[in-house]
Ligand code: PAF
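A single chain comes next, written as structure tokens; it is the form predicted on its own.
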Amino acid sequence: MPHSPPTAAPRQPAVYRSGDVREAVLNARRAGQRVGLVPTMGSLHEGHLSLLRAARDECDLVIASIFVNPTQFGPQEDFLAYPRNFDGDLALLATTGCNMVFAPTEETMYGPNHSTFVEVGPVGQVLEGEFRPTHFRGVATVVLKLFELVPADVAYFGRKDYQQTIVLRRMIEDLNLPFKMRVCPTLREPDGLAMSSRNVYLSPHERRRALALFRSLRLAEQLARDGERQVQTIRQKMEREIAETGGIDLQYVAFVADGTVSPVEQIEGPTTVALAAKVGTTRLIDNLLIQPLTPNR
């Protein structure tokens, strides 16, 4: 009876720890290869892997960066506790066809006299910026450094970090960076919870409570489809849904014109509803694009 040939183990990507990665990327581009970069902080989940698969579909060479960036964490935030699992991440990356991993040390990214940062302006001062005033300064700085060290053609980001994508797109445009940016859909657990590395912090009870966040977003979507246009009315119903669950410290619910952080009072076109809340000690963000149905004429 014939035997099936053994399945080859996924090939692990080459790991770079220093700026040597830049020459490898430039060599690939000189050879005519299209290069895709997926910046991450590790502790990978299916949401990250979906970005890598998108890059694999569109590029010849795929690179993931893994770096827990200290400058985007505030003094009372979870930098030291942030989940790290480098060996597990490498195994997952191998399944996506990722070719290279750039995993720099903190010393590579921030030398002892580092004092230059990117100021992101008004798009980073609202919403997340109100609760995490130095967050986007750190995000923009590290992403700009990654773009310099890994000069890919396209960088891939997830829509779950909606405001982050707005900030980075503004930086790319303002600084004339030679990058294209692809924003890929939010991936969710089967019960609707947005995938996040921080979900591992949630106890089973907290995780059940956290589902109220997505329920409230779906409620906003349904109300808009049913014809409600007043943001204040929709927000109040969302807040009631979350309050009735209990155990959730809601920080904001924002309605903004999609693709911006500009608030709207009425839903007249594509609108992103974004929210942030603490469930126990875990801070979660989520958002949903809602598009009101146009009445039949």
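These figures come from a predicted structure and were not determined experimentally. In this text, residue numbers run from 1 along the sequence as written.
Same protein, other form: the form predicted in complex with pantoate (PAF), not shown, and the subject of what follows.
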At 4.5 angstroms, heavy atoms only, are Gln163, Ser262 and Ala274 all close to pantoate (PAF) in the predicted complex? no
Only one of Leu26, Leu250, Met41, Ala257 gets a heavy atom within 4.5 Å of pantoate (PAF) in the predicted complex. Which one? Met41
If the cut-off is 4.5 angstroms on heavy atoms, which of these, Ala155, Val143, Cys98, Val167, is the one near pantoate (PAF) in the predicted complex? Val143
Contact with pantoate (PAF) in the predicted complex for Asn69, defined as at least one heavy atom pair within 4.5 Å: yes or no? yes
Would Leu213 count as a contact of pantoate (PAF) in the predicted complex, using a 4.5 angstroms cut-off between non-hydrogen atoms? no
I'd like to know whether Val139 contacts pantoate (PAF) in the predicted complex, with contact meaning heavy atoms within 4.5 angstroms. yes
Within 4.5 Å, heavy atoms only, one stretch in 155 to 163, 118 to 126, 180 to 188, 89 to 97 touches pantoate (PAF) in the predicted complex. Which? 155 to 163
Residues of 224 to 240 having any heavy atom within 4.5 Å of pantoate (PAF) in the predicted complex, listed in sequence order: none
